[in-house]
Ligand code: CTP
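Let's start with one chain on its own, the form predicted on its own, as structure tokens.
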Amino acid sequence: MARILLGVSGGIAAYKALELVRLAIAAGHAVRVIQTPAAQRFVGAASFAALSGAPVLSDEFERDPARGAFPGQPAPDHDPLSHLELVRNADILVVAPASANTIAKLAGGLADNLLTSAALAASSPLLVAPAMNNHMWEHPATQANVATLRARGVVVLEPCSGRLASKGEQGPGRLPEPAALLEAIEALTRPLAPALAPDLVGLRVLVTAGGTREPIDAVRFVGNRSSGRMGFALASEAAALGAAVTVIAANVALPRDARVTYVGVETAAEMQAACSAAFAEADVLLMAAAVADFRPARSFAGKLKKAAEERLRVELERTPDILSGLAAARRPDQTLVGFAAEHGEGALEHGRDKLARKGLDAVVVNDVARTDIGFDAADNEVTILTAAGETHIARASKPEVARAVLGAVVMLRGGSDPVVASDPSNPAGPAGPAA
């Protein structure tokens, strides 16, 4: 379990930090809390102390009765400097809520209170969860500060949209819900994270997910069974390891990750436009969406009524090949990974053809003929094809498969050799020789 150092800055969303502490303790984590002086105007230190079972600190010159130790950890036999000892013992520093003022201080490297001093001394992952008025969040100064933090490898979550504290105000600026915050914390503190994180921090990753729907009329469409689970798993795992992630999601009804930016689309044409707009800024493309190969040549505005002959003839036309178009416009430093959902025999041959024909760096092949993996299933089993060979990833959860795919991406980009889940029958690893 993780030792979480939680920094709470001033804002009405500070009350949500209490629930975050409660959830983290219930999950078996140890928590210490630092409050800025402004935060104590919203929630008293006694509440955090009661939930965490540990002293709450606010002032740099305040003596820590626990001497920097977390619950369950022996205290040193001397009084160390609080901001140094707390971060030395912490597995992660989380600032939630992070006000616009605190974000500006973190970006500027200021150390004018205990929280900002601790952040400057921290070598563990830093997770920042902004919460503020939408106008403050959207201000160019705040956006520049967030960009600075992300460029340094800080994981800055996207605030949620909705009703804000000020009467009548709505928009982006809400602190993500405590359960989502804890999920982000746990993703960053998993044992696998250090193996990949150095190679993913700061990368801009573009993921497509879900299945497009091509309208026949106002209520009917041509589509597929893709749920978006694989794409969303790729996005969450990449974000947990420090990448800045954007997902173009086609008709996905899954929960959103607060660390990821989402763009919703419906049709192949909409996905093509969204991909074209975002691709130039991406370092890595993970094309996991199931894009329809065909669409109705004609779409009706209203709802079609049953014809007297009880037949409807729909003429289909090809949709644009989005991935081939992006590959043709790629920069030399971009990494492109395609996904191939194949059915039955010949899956790997089709995948190799796709790898060569579209000029990709890797293709992830899975067999959708099986009902226990693939479409709308919790698990997957894939083979990752590259020019160097192939790696079979035995059946595993989609987050585990996602980590294996990201490991392959790291190796393709010349990064370190991460330890990823793979088939024991293939000892050569992600870049091993073809069977």
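When you see a residue number, it is the position in the sequence shown, counting from 1. None of these values were measured; they are calculated from a predicted model.
There is another form of the same protein, the form predicted in complex with cytidine-5'-triphosphate (CTP); it is not shown, and what comes next is about it.
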> Out of 295 to 303, 85 to 93, 332 to 340, 112 to 120, where are the residues with a heavy atom within 4.5 Å of cytidine-5'-triphosphate (CTP) in the model of the complex?
Replying inline: 332 to 340
> Does cytidine-5'-triphosphate (CTP) get within 4.5 angstroms of any non-hydrogen atom of P320 in the model of the complex?
Replying inline: yes
> A289 near cytidine-5'-triphosphate (CTP) in the model of the complex, any heavy atom under 4.5 Å?
Replying inline: yes
>> Although the partner isn't part of this model, could you tell me whether K354 comes within 4.5 Å of cytidine-5'-triphosphate (CTP) in the model of the complex, counting any heavy atom of the residue?
In response: yes
>> Residue-level question: is R220 within 4.5 Å of cytidine-5'-triphosphate (CTP) in the model of the complex, judged on heavy atoms?
In response: no
> Which listed residue (R204, R256, K358, R150) meets the criterion of a heavy atom within 4.5 Å of cytidine-5'-triphosphate (CTP) in the model of the complex?
Replying inline: K358
